[in-house]
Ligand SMILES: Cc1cc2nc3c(=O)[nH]c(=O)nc-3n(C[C@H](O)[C@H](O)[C@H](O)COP(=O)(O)O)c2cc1C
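Below you will find one chain, with nothing else, as structure tokens; this is the form predicted alone, and questions on how it binds or moves follow later.
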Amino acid sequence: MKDTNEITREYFERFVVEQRLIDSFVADTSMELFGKTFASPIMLPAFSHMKSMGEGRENGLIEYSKAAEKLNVVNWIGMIENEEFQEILNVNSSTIRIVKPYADKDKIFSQLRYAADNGALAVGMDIDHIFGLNGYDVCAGELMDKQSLEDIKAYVEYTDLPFVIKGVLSVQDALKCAEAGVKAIVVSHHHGRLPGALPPIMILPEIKKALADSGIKIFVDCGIATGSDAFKCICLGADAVSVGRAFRPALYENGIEGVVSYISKMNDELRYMMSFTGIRDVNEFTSDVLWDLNTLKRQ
């Protein structure tokens, strides 16, 4: 069986783009989300467990959060304690906090409450960390547990913040998220936690269709490394994308400025692609500018 991430990369490469130049002009990449306006639909990821990048430097989570603030893009943060999360909020309030599916439900509610009380942009849970090879996952010494539809409804009702479910990779789960009242989902296989998982952008059009009347925002991650990748995701139904592992070398080598440079280049590429295809802003994306080399058909 091929590696999940290789399968995802190959799927991206299936799509080619149709030019539409007459009456086109330089595109606007700005995006509105949860009451705020951001410079781009390219977002930073929900990383966890990053230490200092080197002598005289800060924790990597702080560095890329500062980069997100400079870029005016949505920031995400993963598994982190409340005190550490406050350090992130001190540099970037436009942060979505992703809480793990802890077996300790009190910890889940505590982290949801802290996010709401201290000005996070949104909050959510990565359900793709429920299972490990030997049963329920153990992450950084913390036991995870199953999450029912009723559990998710309880989280949604508990917080005043928009609630996001990360790790949706089926129409079935997307519809359950809609039933629970979530405001956004992340279509993701979490860098291949499930061997042989289908590429997020493969299932994305079906999820988009299923949620068409729900008002739920649809985000995508996994394997997104260029503005062209982001363009294809948004054409296929995403409202925004998260970039993670692709910018890590830039973060490790050059810190905040490395991330700013990498994401700025991606956004320039995205604007270029939009301008070349007659897409004036993020509300005008359409799948019919993409052709599938395998089927030789327009999307």
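We number the residues from 1 along the sequence you see. The model shown is predicted, which means the values in this text are computed figures rather than measured ones.
Keep in mind the form predicted together with this ligand is missing from the figure; the text below concerns it.
Peer 1: So if I measure heavy atom distances to this ligand in the predicted bound form, which of the stretches 29 to 37, 243 to 251, 51 to 59, 229 to 237 falls within 4.5 Å?
Peer 2: Result for this chain: 243 to 251.
Peer 1: Is there a non-hydrogen atom of Asn92 within 4.5 angstroms of a non-hydrogen atom of this ligand in the predicted bound form?
Peer 2: It does not: once this ligand is placed as it appears in the predicted bound form, Asn92 has no heavy atom within 4.5 Å of it.
Peer 1: So in the predicted bound form, does any heavy atom of Val259 sit within 4.5 Å of this ligand?
Peer 2: Contact with this ligand, no.
Peer 1: Please check if Ile203 has a heavy atom lying within 4.5 Å of any heavy atom of this ligand in the predicted bound form.
Peer 2: Taking the distances in the predicted bound form, the answer for Ile203 is no, it never comes within 4.5 Å of this ligand.
Peer 1: Although this ligand is absent from this view, report whether Lys208 comes within 4.5 Å of it in the predicted bound form, heavy atoms only.
Peer 2: So Lys208 does not count as contacting this ligand.
Peer 1: Using heavy atoms only and a 4.5 Å cut-off, determine which of Ile185, Ile98, Val73, Leu169 is in contact with this ligand in the predicted bound form.
Peer 2: So the residue touching this ligand in the predicted bound form, by this definition, is Ile98.
Peer 1: This ligand isn't shown here, but in the predicted bound form which of His191, Lys176, Lys107, Lys153 has a heavy atom within 4.5 Å of it?
Peer 2: Of His191, Lys176, Lys107, Lys153, the residue with a heavy atom within 4.5 Å of this ligand in the predicted bound form is His191.
Peer 1: Pull the contact list for 116 to 134: residues with a heavy atom within 4.5 Å of this ligand in the predicted bound form, in sequence order.
Peer 2: Only Asp126 sits within 4.5 Å of the partner.
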